[in-house]
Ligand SMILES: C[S@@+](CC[C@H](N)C(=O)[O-])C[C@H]1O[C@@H](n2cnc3c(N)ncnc32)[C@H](O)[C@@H]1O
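Here we start with a single chain on its own, the form predicted on its own, put down as structure tokens.
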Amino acid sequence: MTASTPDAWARVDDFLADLFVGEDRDLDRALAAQHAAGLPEIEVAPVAGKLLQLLVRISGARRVLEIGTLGGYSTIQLARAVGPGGHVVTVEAEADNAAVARSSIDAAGVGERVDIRIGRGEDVLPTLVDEDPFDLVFIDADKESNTLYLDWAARLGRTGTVVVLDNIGRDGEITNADTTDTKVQGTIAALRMLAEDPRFDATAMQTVGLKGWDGFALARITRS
């Protein structure tokens, strides 16, 4: 039996990515541009990006909100999934990151589907209240603000909107009630919110793979 180790998890992720994602020049270029710009290597794993695409397509989402653009790796996948006529609004706090993302998104041929809003989520999200509701919200930004982002997901969505919250595993530290790590504290608060707030019907899963011991929460908005 293969030992369950980080190296083994990464090998299995590579195997699955080869099967279900394959070579993708646009995504490869986006990653290369992100790394060349010195951005952190915290983008979603290839198989997680494919999951996002499937969730968009299964739900029939045409308007997607992404909180946390980084270099545009997941944005490209969301934009592909909404299809022609679909729209992605992605929020990025750092202007330099947004510039890298804009270039990669345009190079991937989906630029007309993507609107990058630059600024902190707490400032940008309230400006979206007068727009049409979003069908899917992907949250992958600073973990300390997770509950803020979930609240806005509920406000900016509609009954039936899908919400995906990334990076909930935190190497198992979410079970540590005495943690002083603010990222873990923010994640625990978000998970409790998803479990207790009547606006959400949710579950969460831990994962292992290329990104280590991680996970995601998946929710449906029951009322906004």
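Residue numbers here begin at 1 and follow the sequence given. Because the structure is a prediction, the values reported are computed rather than measured.
Not pictured, yet referred to below: the form predicted in complex with the named molecule.
Segment that reaches the named molecule in the predicted complex - one of 150 to 158, 105 to 113, 80 to 88, 134 to 142, heavy atoms within 4.5 Å: Selected stretch: 134 to 142.
Proximity to the named molecule in the predicted complex, single hit among Ala61, Leu194, Ile168, Val44 (heavy atom within 4.5 Å): It is Val44.
Three-residue site Leu70, Ser74 and Asn97 fully in contact with the named molecule in the predicted complex at 4.5 Å by heavy atom: Answer is yes for this spot.
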